[in-house]
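The chain below stands alone and is given as structure tokens, in the form predicted alone.
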Amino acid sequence: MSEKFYIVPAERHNQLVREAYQHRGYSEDEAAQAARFSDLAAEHGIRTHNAIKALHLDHLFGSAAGGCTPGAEIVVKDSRFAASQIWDANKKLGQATAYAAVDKAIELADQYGIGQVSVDNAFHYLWGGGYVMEAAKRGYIAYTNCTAALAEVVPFMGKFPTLGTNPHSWGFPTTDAIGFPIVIDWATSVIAMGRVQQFQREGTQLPLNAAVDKDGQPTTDPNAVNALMPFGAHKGYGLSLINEIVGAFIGGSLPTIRSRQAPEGEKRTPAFYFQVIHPEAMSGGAFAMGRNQSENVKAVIDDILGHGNENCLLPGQLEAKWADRVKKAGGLLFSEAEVKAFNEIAVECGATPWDYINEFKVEA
């Protein structure tokens, strides 16, 4: 039986998210950026990193725990490289910081062909795919990674979690070619911790070999999870390690104390990295058969999906299909368990809970 979803008007959702963040002391602009991000995640079916996850993360490690400072101002540090900027986020809200960073990287790419922004003293920005997706929709190739809020992943052949889920996110401007941007976005663990939390809400078991319990033994019980496993054994481990090394070059904290109590003189904050490339800066110009750049991208994708591969999915396709589903429904889609979680948020911030049984339609 398929899951039942309630249709929540985007503005009702966004209003509650704004109220929740402002209740916690965030500025009107920060709350608006948080709502913008949560709307985007829900629009594309990213249930592991929607507003429920964002506010839960803020409660655990953010404004209530000293890991995020409402109203903080970003400081742009001196750099001798024209296409590069280095920021001290001063623990500003991650979503607001990330949106500003990708906008600046786009501005730099327009001028220099490529732009990069490194962010130190950050608070986690949640779904990296959302930022590169928006850049791709604007016509740019974009990449981001960040160090996760917590070390929750056991390294390959290890016993103790010393890595984050450490996502990598790429976005490519392929809307003209195939109707949506290709977005390659993944956690470097078998599943994200947000998925574990979703499975807890929904009462669903985990896949095999995705997590371990407090004794280091494999478990499929989402309530018994103590740490996660990297996907692809040594390959996922290597990809996760990239983020920690990039973060280390920026100034990132030790993984095992990130978001936790840090010794005097140590840091406990994540680090971000954004890179944006203007497609013209990559063009060799000598495309076969007289094709232009966009036509050549489409030809390559068509060749990959030809030869009996027509039913293969492209990264970002499922998200695009969910967005079409949301558009058809006329509102964001949330399960009953998710709506109840939103109502708990409403009670916390003094907003009126959703009378979802009488107010919201159920998706046909």
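Quantities reported herein were computed from a predicted structural model and do not represent experimental measurements. In case it trips you up, residue 1 is the first one in the sequence shown, and so on. By rigid core we mean the largest C-alpha set that fits within 1.5 Å across both forms.
The next section is about a form of this same protein that is not shown, the form predicted in complex with a further copy of the same chain.
The stretch among 238 to 246, 199 to 207, 126 to 134, 91 to 99 whose residues place heavy atoms within 4.5 Å of a further copy of the same chain in the predicted bound form is 238 to 246. For the three residues F172, I182 and G251, a heavy atom within 4.5 Å of a further copy of the same chain turns up in the predicted bound form in every case. With the partner omitted here, the residue from A105, A211, A187, A122 that has a non-hydrogen atom within 4.5 angstroms of a further copy of the same chain in the predicted bound form is A187.
Proximity of N296 to a further copy of the same chain in the predicted bound form falls within the 4.5 Å heavy atom cutoff. By the criterion of a heavy atom within 4.5 Å, S259 is excluded from the residues contacting a further copy of the same chain in the predicted bound form.
Interface residue remark: P255 is counted as part of the site for a further copy of the same chain in the predicted bound form, having a heavy atom within 4.5 Å. Among heavy atoms of S84, some come within 4.5 Å of a further copy of the same chain in the predicted bound form. Contacts of stretch 294 to 330 with a further copy of the same chain in the predicted bound form, defined by any heavy atom lying within 4.5 Å, are made by N296, V297, A299, V300, D303, I304, L305, H307, G308, N309, C312, L313, L314, P315, listed in sequence order.
Superposed on the core, the two forms differ at A227: its CA moves 2 Å or more between this form and the one not shown. Once the cores line up, the CA of R195 ends up 2 angstroms or more apart between this form and the one not shown.
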